[in-house]
Every structure is written in structure tokens, then in C-alpha cells.
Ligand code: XMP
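A single chain, nothing else alongside it, follows as C-alpha cells in the form predicted on its own.
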């Protein structure tokens, strides 16, 4: 099986690059830049290398660099953003600060034909198209043997290539869906330049994972942190196939769930798998810990720690369980900070875990997958479509959708507003259009009029995004009629809410959740 190495230099999109490669049925692995040498790349049989972006400036001594042998060992290389700058720098070119001319977001890129083999990287790309830029530096001088393949209004070398050594770079991000022809560029590199075979399937992931889990957990009892969401559900199915009744799935109802969610989860899992299902009512426990806490990072960490402490308590009751399983997926990992990546927010099951736990081991079989890949695994494992395709719900639940202090009163208000929004989306048949949609209760109160009387109530925010990977997302263009019906119902049916607004911010610059 041919495989590609994604060499990580601390960018936020390293796993997204690997995901794009896997989408094309090519196996990809991610390694930190300082954990593998050019000699090891050859020894381990990688057919191509992709260098990721990163937050640093290549011309600074403290920035991550790599052995120049990489561009001399005969393996095709594609550098993206910082990776492209690193290639130019290693090959003897120059990289400088763009100053106020840095580019961010959607940018028009123009292809420069060279009438050489280097054009193959951008083959099939129109002369002008939209790409996604995010850089503060730029390649100011091409190295010997390299050609300029594309430019933007302010970036003279938006794509470069040395066809003889099969070394290429793009200043923009082809892995991001906003780059209209990014998939074509990635395919050109993989298949036309590197000559890689598309021979990796999701079935391989399932078979390999089940085998590895059986070997790793042989003779051990495992406690699964089951939220009832897509990720933990698929994790449950995968672990159930691997270890059967050695798995105890513990569903902690922390009082931060959506309306009627606890009962729905129990109905779905009580008798579905070959495992022990346990439901814990921990609302008072969690709300007591969260009382008076405003800071979202502290809140997430409290929720993360309290989850663990609850699981520890139940594991002692069950006895002989020292392995914790979680449905962590890659967006959780990357947003919580991995390697040199920046922390965006701590997820309760990654960055929010306490440093000291009574569990000897944690297993996260889905941590290298994106949401759509997790869903594919779930369907292949035989989970019902309505369970696998349901919209994501964060582990901290409504705890990251209440601005200001969390109280049971606020949570009940939000539960009702969120239920109305989801009902109206379903009535309009928009569930397949909106990838994730929910309500957020702000801490802002405003004046209103109900029944000819002055009111002073909360403002609720409606949020809906459309995405295929949850690393980037567009706000959903919901019909005005749906928003109007939702607003009327919320303000009429929920006395404490006076005003409804709609969030039209994409990711980036925002995240999907507010906290």
C-alpha cells in the first residue's frame, strides 16, 4: 500500500491535509517535523511528503526547520504555506515578511504557464480562481531550478515548482474547501507527479483498528465515556466489535443535555450492543462545580475533570476497570493544541483532562478521523443512519452555549429555545443542508414588548453552519421564513426571551461553538 507522509510544522490544518489525501483513497500519516529524518522517510517507504503550514517565520533561528536532504533524496515533496516557504529557504531562495501585504481568507490566484513539466501541478486549473490564503511572509526570491507557477495581486509566488526534482509549493492552502480547485491540485501532486496508487479504504481502518484494540486490551475491562453523540456512538460500536462484554458504556447525564436527550440516548443504547450500559444522573454534581464560573476555558476544564471523577467513581463500583475509552476525534485534538499547534479551546476529553487520574490507560480509537470519516465507519459497522447522521453535540453540552454564569433556570430556557430551532429546521427539511445548528443563550438582556407590557428578557442567538470537515465552516443561508417562524415561536413560547438574532460568522475566524 502506497503511503504519504504529512510532515507537521505546527499548522492548524495538518490533519485536514491528511484527510484530503485519504479522501482520494491514499493512506496518509502525520509525523512531527522533529520526529523523523530524511533517512527514515526512505526506510519507512513513503512515496511522497507534504509539508504543512505553521505560525512561524522560516528566516528566524527559533523557527522549525528541516534537513535540506529532503529535497535531494528523490521523493516528491509538496510544501503548503509555511511548507512552501521552507522549501524555498532550504533550496537557497529568500523569504521575507509581507508586512501589511499579508493575505488572509479568499483570494484570487492567477496561473502562470511555464510550458514545462512544472505546469502539471496546476493542470486543469482555470487561469483565475479563488484560493484560501493565510500568511504573513512570502517567497521573495526563487531558488535555482524553481519556476513561478501562480501569483496573486500582492503575492508574486503563490505557487512554485522544480519539475526535475518533483519539488513543489503553494503559498495558499489547497486542502481547505475555500480553495475552489484545491482537490484537483492535491490530486495532480499525488497521482500525476508522485505516481501514487489509490488503494486505501475505510474498511482497512476498521479491520486494523479492531485487531489492534483486541491485542492492546486483551484481558482488560474498559469503561467508555458515552455521550450519545455520533463520535462516542461509533466508538462504542467499534469497541463492542473488538472486545464485546468487556466494555462498560457509562452515560453521564450531567444536566447540560438538550431537551429529552438523556432519555433518547438511553433508548438508543440500552439493548443495542454487546456491552454493559450504565446511566448516571449527575446534574447536581456538575452544576454545583460550575456555579459562578464564567471563564470558558476554566468551565471546560471543570467539566472535563468532573467527567473523569464521575467515571472513576463508577469504575470503583463496577470493579477491575482501569482503561478509559473516549470518542475523541481529530478536530477535538487540534483545537486543544497538539505539538506546536496553537490552542484554540480545550475540549473536555482532550485538553480538559486532569493531569492525575486513577485510570492507567486511555484509548481513543477515532482520534485520527474527521467527522465524515467517523460517520462512514459507523455506517460500515451497522449503526442506524439516524444515529450516525445526527448533528454533533459537544461533550460539555449546553455548558458551552450559555454565556455568563450557568444556572438550571438558564439551561431550561436554552433547552426550550434550542428545541424550537431544531423542530423548525426539521419541518423545513433542512437537516441535510445544515451540518450543525443550535441556540446560544447570551448574558445580554434587552427591552421588549409582550401583550402591551414592557419586558426585559434574554437575547438568544441562533447558529447554523454548513461544512464537511468541521475544520472550516460556512454559516448556513437559512430561508428567512424559517428564521422568522423560529423567532416568533421562541419569543411567544418562552417568556424569558425578548430578542432573537442569527450568527452569520464563518469558521474561521469564529469557531462553531461560542465558547
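Quick caveat: nothing in here was measured; it's all calculated off a predicted structure. Positions refer to the first chain, counted from 1.
We do not show the form predicted together with this ligand, though everything after this point is about it.
The partner is absent here; in the model of the complex, the one residue of 300, 135, 166, 371 having a heavy atom within 4.5 Å of this ligand is 300. Scanning 392, 145, 255, 93 against this ligand in the model of the complex with a 4.5 Å heavy atom cut-off leaves one residue, 392. Contact annotation for residue 499: none of its heavy atoms lies within 4.5 Å of this ligand in the model of the complex. Shown alone here, residue 33 lies farther than 4.5 Å from this ligand in the model of the complex, counting heavy atoms only.
Proximity of residue 240 to this ligand in the model of the complex falls outside the 4.5 Å heavy atom cutoff. Although the partner is absent from this view, residue 436 contacts this ligand in the model of the complex, with a non-hydrogen atom inside 4.5 angstroms. Just one listed stretch, out of 157-165, 392-400, 206-214, 122-130, contacts this ligand in the model of the complex at the 4.5 Å heavy atom level, and that stretch is 392-400.
Contacts to this ligand in the model of the complex (heavy atom within 4.5 Å) from stretch 127-150: none.
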